[in-house]
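Okay, here we've got a single chain as structure tokens, the form predicted alone, with questions on binding and movement later.
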Amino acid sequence: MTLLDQIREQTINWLQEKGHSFSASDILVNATRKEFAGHVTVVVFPFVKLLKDRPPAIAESLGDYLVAHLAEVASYNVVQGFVNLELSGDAWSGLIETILANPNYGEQQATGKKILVEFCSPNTNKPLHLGHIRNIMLGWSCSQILAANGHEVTKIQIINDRGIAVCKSMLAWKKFGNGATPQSTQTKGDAFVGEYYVLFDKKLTEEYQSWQESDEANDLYAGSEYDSPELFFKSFKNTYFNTRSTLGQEAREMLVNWEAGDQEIISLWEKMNAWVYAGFDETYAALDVHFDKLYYESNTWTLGKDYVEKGISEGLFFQKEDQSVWVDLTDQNMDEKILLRSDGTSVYLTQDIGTAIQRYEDFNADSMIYVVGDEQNYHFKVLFEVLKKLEQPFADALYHLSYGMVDLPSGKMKSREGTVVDADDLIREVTEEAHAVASEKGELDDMPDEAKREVYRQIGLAALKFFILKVNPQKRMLFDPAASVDMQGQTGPYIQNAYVRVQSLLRKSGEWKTSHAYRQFEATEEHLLQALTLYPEVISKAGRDLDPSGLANYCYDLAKSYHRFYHEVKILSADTEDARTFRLRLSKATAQVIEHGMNLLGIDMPERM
């Protein structure tokens, strides 16, 4: 039981003695604000209605009780409805002892709750890019944080391996590839296929530009409401693809043939997807992530039709004159949404309905979290409401972890035009930057080359991942390559450096005995101890909010506090053996928490850098 748990437990006992019950999870314990004396603060405003007394009087009563019943509480002061607790030397010694004895300090006991987290879910017509990295890191870190909160977490993804976009890559390779392969061109498989997706758009643009010179195009423009040819032809491109384009017709025919089971098309699809999967696996390995279960759109695209038909029979959905099937969500301040086309084929929403139900049957999960960009907010609102209409038992336990898009200084990324930051290129760039910085410092010169390369990789990935995760998911991000690889300031390498600094200190320290006699704490020591006390709360809040940025910024603040402590007090040359021992143990506990917290973010700690 952590110190904060003990404070909550004694607060509950105090309330019970007054004839009231209260939930421990609703007792607010925070870090004391810098302008007040104290280390942790209990908020008593939630007790006012129960106790029918003024907040300061309630705070005084609770403060007296905690001092009397907890040796770890030395004294207190009251500011309105806040009890600011001063912790004792016993509390600090006990805290360090607890941390050093428990490598998983901060984690919660098993809850028995099963949670599915879906993330990444790429398309097989292009390689992973910067946007995918944000998705992957959010999904991975949230999964780790939820597991640290005691939940049983399964990491899943659905691979979008069919559809018109995939057929565009296939058609471009068939028409223009001349039998080339990733092996023959020495190109990573997903990047190789992505080049043909870009090539298709290039060829389509050339075809469209040629058509714009035709009489048919000029007649269409003349009969339109547009003021200029540029505006008309910009808006008409999708219509042209679907109704007049030769390439568009060939791509659509390829999709129809795929759905009909044409063996030649299926064989081409399997070959090109295999290239892509091999490429994806390389990128996942480079990012140190993996999945527990893969679903494929090619297996799930027909799921949901039976449930839609059941909904029709129960009056939940309705058919229009053309036999298309719709759901009316106007009572939920949404609109009507199509579920089946007039020809009986599924839409993405229908597939997602079936997939959600299939996952529940596969895992009997208590909750499902979808990590998907905020451009899909409406889609998930509709999906969740439809599942509620179908009275699915898990419908109220679905959550869309929506996140903002990642922009470049030059604007939005566009896969069709090839203006994306490729994930592999980005990983390579930050690793090379780490190599350059480390080589300049010369700290790793005596290490074997293979060991040095691993350190460069760890530093580079820390720079990249922390840059992504320190931002609240709800916020749109501007990706600045220079800032992401900066080895100073609020960065992953800065935090790693605090951990490395401790390891160097411990290597130099020799043997030292455990001692609890030190009591004359410096301000920087108390600041570190206060932060370590609050670590379990940080993990708990990050899990509740599904927001890794709070944990990321906690790790940065802890590292910053340690750097300040390291510079302001003597450690190895401390004035007394008790002070030396305490500061070494405090350093070791801090490094342990930094390593644990960064590991939850998917970031490794090097021993040297």
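All residue numbers refer to positions in the sequence shown, first residue = 1. Everything numeric in this text was worked out from a predicted model, so none of it was measured.
Another form, the form predicted in complex with the RNA, is not on view; read the next lines as being about it.
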Residue 151, heavy atom within 4.5 angstroms of the RNA in the predicted bound form: no
Proximity of residue 52 to the RNA in the predicted bound form, heavy atoms at 4.5 Å: no
Contact label in the predicted bound form: residue 459 to the RNA, heavy atom within 4.5 Å: yes
Partner proximity in the predicted bound form: residue 508 to the RNA, non-hydrogen atom cutoff 4.5 Å: yes
Stretch from 338-346, 385-393, 124-132, 88-96 whose residues place a heavy atom within 4.5 Å of the RNA in the predicted bound form: 338-346
Proximity to the RNA in the predicted bound form, single hit among 107, 297, 195, 429 (heavy atom within 4.5 Å): 297
In the predicted bound form, the one of 187, 530, 497, 355 near the RNA [non-hydrogen atom within 4.5 angstroms]: 497
Contact check for 66, 273 and 452 against the RNA in the predicted bound form, heavy atom at 4.5 Å: no
Members of 461-478 lying within 4.5 angstroms of the RNA, judged by heavy atom, in the predicted bound form: 470, 471, 472, 474, 475, 476, 477, 478
